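In the block that follows, a single chain appears as structure tokens, in the form predicted alone.
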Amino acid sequence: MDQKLWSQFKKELPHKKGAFSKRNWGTPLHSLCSYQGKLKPALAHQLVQVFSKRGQTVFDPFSGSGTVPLEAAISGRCAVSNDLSDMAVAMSNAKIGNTNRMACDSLIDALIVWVSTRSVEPKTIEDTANIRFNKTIAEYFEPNTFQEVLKARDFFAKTKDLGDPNWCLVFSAMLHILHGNRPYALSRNSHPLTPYAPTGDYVYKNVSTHLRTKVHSALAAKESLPLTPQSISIQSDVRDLSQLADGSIDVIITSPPFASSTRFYMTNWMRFWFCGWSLTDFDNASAQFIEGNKDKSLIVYEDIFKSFGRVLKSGGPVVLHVGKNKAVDMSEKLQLLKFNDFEMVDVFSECVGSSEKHGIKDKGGTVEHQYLVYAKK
């Protein structure tokens, strides 16, 4: 941790100034797939610069859409990402893993054959009929497009390989084009972050054509980046990081789900459905994900920090980017907990009450972003 840079960050909030303040700052690869609750890329960039050095290994245990790992990999760090959901792991691996155009095109070609020769699987028919949070899924698409989307869901389920960055990139691109309010989207007019009830005409859109366009755009953006080739993505519960060796991490920078805020799997419900979720998965999600556990009690972070203590090198920092809303002050509650292997270094709060909300009402009412900095003893 560079104390001078950290003091400068707190004083100047550089992610809110000049070009950094623009919503589209950074590589277009950050927009591989829309994601509710994504950390601002400019902020991720600044935190990576302040708390790590080139050549170090930066770990984000709640990687989400891969914003911190991507900024770390661009900045000459070895990035390690982790998440529990298939969607998040796919997005992160797509961004920091090694990909090539030929492999991605081959996957799309295989999808075209699948769609033209297969029938929709019974599980997909059942899952699709049972899930309707705004409208039925069928109401989002023109009928022929809808059938292609259903078959594409089957294709990705059968070919699933979260360890293959090429599969992850094509899959993430497919998740992105599922719904939105621009021509790239397969759906009727909706919203790119969370699928509001659709409006407008039913217009046929060919899945493979739209998918290939998005994939090629993402690859073009990625091919221009100086990504660190050793970066990796893993999938695990953050309380059990057994895939990582003891002391293999230099720095942890992460933004876990905010307490008492909108549940990410509900705001992203159609994309989780496409990942294979049934109604039962949605019903059981609060017990599976940290988000549901910490809403009951933030004491779960004691187990999380035990896990951090094993993989982090001595003296290494942990930077938590959390939030305060009308219901919960996460910083205050976290400071009451004992993390035996760590000492508190600093706490800083940033007012965000008037921040851009991208057309989505923040039901959690976040008024502060909070930075808790710990160091391993």
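Treat the numbers as computed from the prediction; the structure is a model and nothing was measured. Counting begins at 1, following the sequence as shown.
Although not depicted, the form predicted in complex with a small molecule is the subject of the following passage.
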Next item on the list: Spot the stretch among 229-237, 181-189, 160-168, 139-147 with residues whose non-hydrogen atoms come within 4.5 Å of the small molecule in the model of the complex.
Entry: 229-237
Note to self: To verify the annotation, which of these, A88, L211, L175, I249, has a non-hydrogen atom within 4.5 Å of the small molecule in the model of the complex?
What the structure shows: A88
Item checked: S119, Q288, S224, N100 - the one with a heavy atom within 4.5 Å of the small molecule in the model of the complex -> Q288
Checklist line | Interface membership of F51, the small molecule in the model of the complex, 4.5 Å heavy atom rule | finding: no
Margin query: Please determine whether P256 contacts the small molecule in the model of the complex, using a 4.5 Å cut-off between heavy atoms.
Written below: yes
Notebook entry, point to check: Just to confirm, T57 within 4.5 Å of the small molecule in the model of the complex by heavy atoms?
Noted result: no
Check: Is V318 a contact residue for the small molecule in the model of the complex, using a 4.5 Å heavy atom cut-off?
Finding: no
